[in-house]
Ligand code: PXL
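The data below hold one chain only, encoded as structure tokens and taken in the form predicted alone.
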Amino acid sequence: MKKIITIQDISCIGKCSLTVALPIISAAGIETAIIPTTILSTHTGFKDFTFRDLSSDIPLIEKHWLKENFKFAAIYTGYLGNTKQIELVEHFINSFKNKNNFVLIDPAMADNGKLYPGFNEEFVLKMKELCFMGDIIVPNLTEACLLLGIKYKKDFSIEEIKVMLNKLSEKIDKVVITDISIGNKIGIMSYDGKEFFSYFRTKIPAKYHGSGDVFASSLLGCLSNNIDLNKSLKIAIDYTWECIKETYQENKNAYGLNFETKIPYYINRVKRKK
């Protein structure tokens, strides 16, 4: 069985980060090791959440794992709480990256044109540095704008998105931009240095915290099952869309996606590899 490592926070309530990544990637038949970077009482969409920094544990875990000679088929990073954690993750990648694995980076730092609470321009610059270490990155549209230093807007054209993808791919092999709206459709566009790819679904009139984590985790699960990028993107988008639909029908004001009830759907798609 393949083993991957995901490095991100634990939001005790809120259905995001590790509480999403661990069950979804495990459902794809992949052993999922974790390094929690912080513990939050809830995700950052709530007010007055608690925040416990676990930065000091990261190098100790890395040292122990190197001693045990652990190997990983993929390294997947998500929400990191501060610039120090980005530096620690960079060191971890340098220690465990090899020619037989890949690094997927979700630069989880912003949405809807705004940085998440507690982040600033210095954090953006450090996250950009981390992204250059990735084989594949999955920024949402806001994060892509921040990485490129351009002004965010909701109505980028297809051609403008292609220019953004092309610029990001100058230092990164595969780039996927999520949360792209075109008319009544929403989805992703990607570029692998050779061809552009896009996939959209009909918009559901709701937006839920953690949707990007569901997408990135399900994408990682697909790629780790040797499914090619375009098929993996389709499965990840379809699964995320099914989760959004299920959540919207049950509770329009939910604080996270009902990803659990759709895991059988995801497993079936991964097994079929399409």
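These numbers were taken from a predicted model, which means no experiment stands behind them. Just count from 1 along the sequence shown to find any residue number.
If you look for the form predicted together with this ligand, you will not find it shown, but the lines that follow are about it.
Put simply, of N225, T44, S55, S26 only one has a heavy atom within 4.5 Å of this ligand in the predicted complex, and it is T44. Of the listed positions (Y152, F96, Y116, F200), a single one reaches within 4.5 angstroms of this ligand by any non-hydrogen atom in the predicted complex, namely Y116. Comparing 235-243, 26-34, 210-218, 60-68 against this ligand in the predicted complex, the single stretch with non-hydrogen atoms within 4.5 angstroms of it is 210-218.
Put simply, T19 is far from this ligand in the predicted complex: not one heavy atom of it is within 4.5 Å. In the predicted complex, this ligand lies farther than 4.5 Å from every heavy atom of Y191. This ligand in the predicted complex is approached by Y79, whose closest heavy atom lies within 4.5 angstroms of it.
Along 20-36, not one residue places a heavy atom within 4.5 Å of this ligand in the predicted complex.
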